[in-house]
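Just one chain is shown here, as structure tokens, and it is the form predicted on its own.
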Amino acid sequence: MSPEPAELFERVETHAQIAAVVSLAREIWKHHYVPLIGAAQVDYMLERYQSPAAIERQIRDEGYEYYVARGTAYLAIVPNHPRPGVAHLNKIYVHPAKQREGWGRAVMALAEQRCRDLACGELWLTVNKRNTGSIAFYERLGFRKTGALVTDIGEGYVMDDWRMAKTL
């Protein structure tokens, strides 16, 4: 991929773009997360966090910025969360058929550029503790584990994650 990361992605603002993210999320999550956390939790999390209504609310009310390269990858970043100068990379996903083609690095380059544009000196994310491939990828990009997080997300489900951060 030779274009700049910002040229590969479009900011999600329309219902059609949200629908593209929802479709991509369902495909990626079912492929990647069912072996880690099971189908029931994946279905619950998709409805709670990646449904059209959830994404619309996140963008409208919670300060999320979603970006999508249709059929390939998407991300959601929350600037100045939990405090000014810090950005939360809340979603970073690449379609399984497009992995190992540089898309993960393109997503991260866009996230880091948005952080710089917004004067955020730290980018952080959470990752399932059993998601060893993603953890290794983040570590190669300069992220370090900063703590363990166990989050009750309702209906008896928990997210058992590492918090990882990178200073920009």
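Note that the structure is predicted; figures quoted are calculated from it, not measured. Residue positions are given as counts along the sequence shown, with the first one as 1.
Here the subject shifts to the form predicted together with a small molecule, a form of this protein not shown in this document.
- The small molecule in the predicted complex is not approached by A69, whose heavy atoms all lie more than 4.5 angstroms from it.
- Contact check for R26: no non-hydrogen atom falls within 4.5 Å of the small molecule in the predicted complex.
- Not displayed here, the small molecule is approached by Y138 to within 4.5 Å at the level of heavy atoms in the predicted complex.
- Using a 4.5 angstroms limit between non-hydrogen atoms, R57 is distant from the small molecule in the predicted complex.
- Checked against the small molecule in the predicted complex, the residues P35, G121, G102, P52 give one hit for a heavy atom within 4.5 Å, which is G102.
- Only one segment in the set 43-51, 109-117, 123-131, 61-69 has residues whose heavy atoms sit within 4.5 Å of the small molecule in the predicted complex; it is 123-131.
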